[in-house]
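One chain comes next, on its own, written out as structure tokens in the form predicted alone.
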Amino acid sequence: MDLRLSDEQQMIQKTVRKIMEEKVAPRAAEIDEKAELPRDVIELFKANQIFNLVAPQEYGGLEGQLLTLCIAIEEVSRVCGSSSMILGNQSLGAGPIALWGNESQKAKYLPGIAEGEIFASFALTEPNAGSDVAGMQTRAVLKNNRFIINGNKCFITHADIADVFTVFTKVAVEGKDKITAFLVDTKTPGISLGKKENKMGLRGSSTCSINFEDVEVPEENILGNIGDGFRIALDCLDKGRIMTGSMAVGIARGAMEVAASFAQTRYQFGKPISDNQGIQFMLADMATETEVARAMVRMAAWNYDNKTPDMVKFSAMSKLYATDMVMRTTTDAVQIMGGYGYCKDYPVERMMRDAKIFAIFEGANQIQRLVIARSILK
């Protein structure tokens, strides 16, 4: 396994970093304060072909490697967690189609997704079905060669801008419920958006509920076959967990850099606080844990790209470690900066709020521990 970045990956990394520092960093606090999806960031990603990273090459993507996408996501989240969700969710939305779609489905959606002209959302979670996917109540019933979907989804990222949902439902087959995934155009009659969540962090990333009332979907919109939905969800979440880890690494890195810079200019007792061994030890731990998390995320991405037998285990490990780490790191960044860190004049309080969700979504970290344990004990 060689995790050294190629020349192309280094170029992408530098390009994304430059764009984020020049165009998005000055806007990051405002994006959080207004709690509105930053349309200008979407246009920025489109203009610089950053969305190309989320799709396979044969459908207009750049290369289709998760490792390269994670490198870019880290650079985005270092500056603005909400903006990293734009790129990460576009990849998560593309995942079911790229992994399980037939040629017609791929040709219809993936080129537009790669260009940022089509937005896709992953509609899995329900009010009573979060970690317990099998507890979902949304149902599709076959009637006159069309499926009729009824149910509700919640906590769906970017549902308000999506053009297509991958909707997970139950379908009854010979008395047994089989989880099935459907591609559903968001303009289909019977779809309505519910509550837009007022969140603690990632406030510039919209999160909504969706209602489905007698929504008609043709049979050709099934992804894979009836009953493949659970496998599709797991395949996509394996990828999503690694992307979540890269977001966490980026935010941790950003918080550490702000805290280190502050420590060198904040004077107490006649010297910069960076001269204090206690502060130095905190920064050393923050830097070390961030590097370890980055190595784990990139290792997990490499395993995913190469479809190794340990792919699922490394995905869960990278998500677990990186997302627990980012909470410790951002908390320490606020502590180093004291009262200033607690105020919105500096970005670390925003980073700390953004960080918390990563241990919850894409599979709570308690679930990751179960996945890891089962892979060890099987």
Ligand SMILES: Cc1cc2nc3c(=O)[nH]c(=O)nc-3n(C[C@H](O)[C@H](O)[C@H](O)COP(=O)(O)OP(=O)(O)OC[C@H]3O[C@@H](n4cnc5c(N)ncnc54)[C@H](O)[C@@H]3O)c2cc1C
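Residue positions are given as counts along the sequence shown, with the first one as 1. From a predicted model like this one, the values you see are computed outputs, not experimental measurements.
Only in words, not in the display: the form predicted in complex with this ligand, which the text now covers.
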(Q) Given that this ligand is not shown alongside this chain, does Gly130 nevertheless sit within 4.5 Å of it in the model of the complex, heavy atom to heavy atom? (A) yes
Q | in the model of the complex, Phe122 touching this ligand (heavy atom, 4.5 Å) | A | yes
Q: Answer for Ala140 alone: is it within 4.5 Å of this ligand in the model of the complex, judged on heavy atom distances?
A: no
Q.
With a cut-off of 4.5 Å between heavy atoms, is Ala364 one of the residues that contacts this ligand in the model of the complex?
A. yes
Q. Of the residues Phe230, Trp302, Phe262, Phe155, which one places a heavy atom within 4.5 Å of this ligand in the model of the complex?
A. Phe155
Q) Which residue, Lys106, Lys178, Arg146, Lys199, has a heavy atom that falls within 4.5 Å of this ligand in the model of the complex? A) Lys199
Q) Looking in the model of the complex, is this ligand within 4.5 Å of a heavy atom from each of Ile50, Gln65 and Leu234? A) no
**Q.** Candidate stretches 94-102, 199-207, 288-296, 252-260, one within 4.5 Å of this ligand in the model of the complex by heavy atom
**A.** 199-207
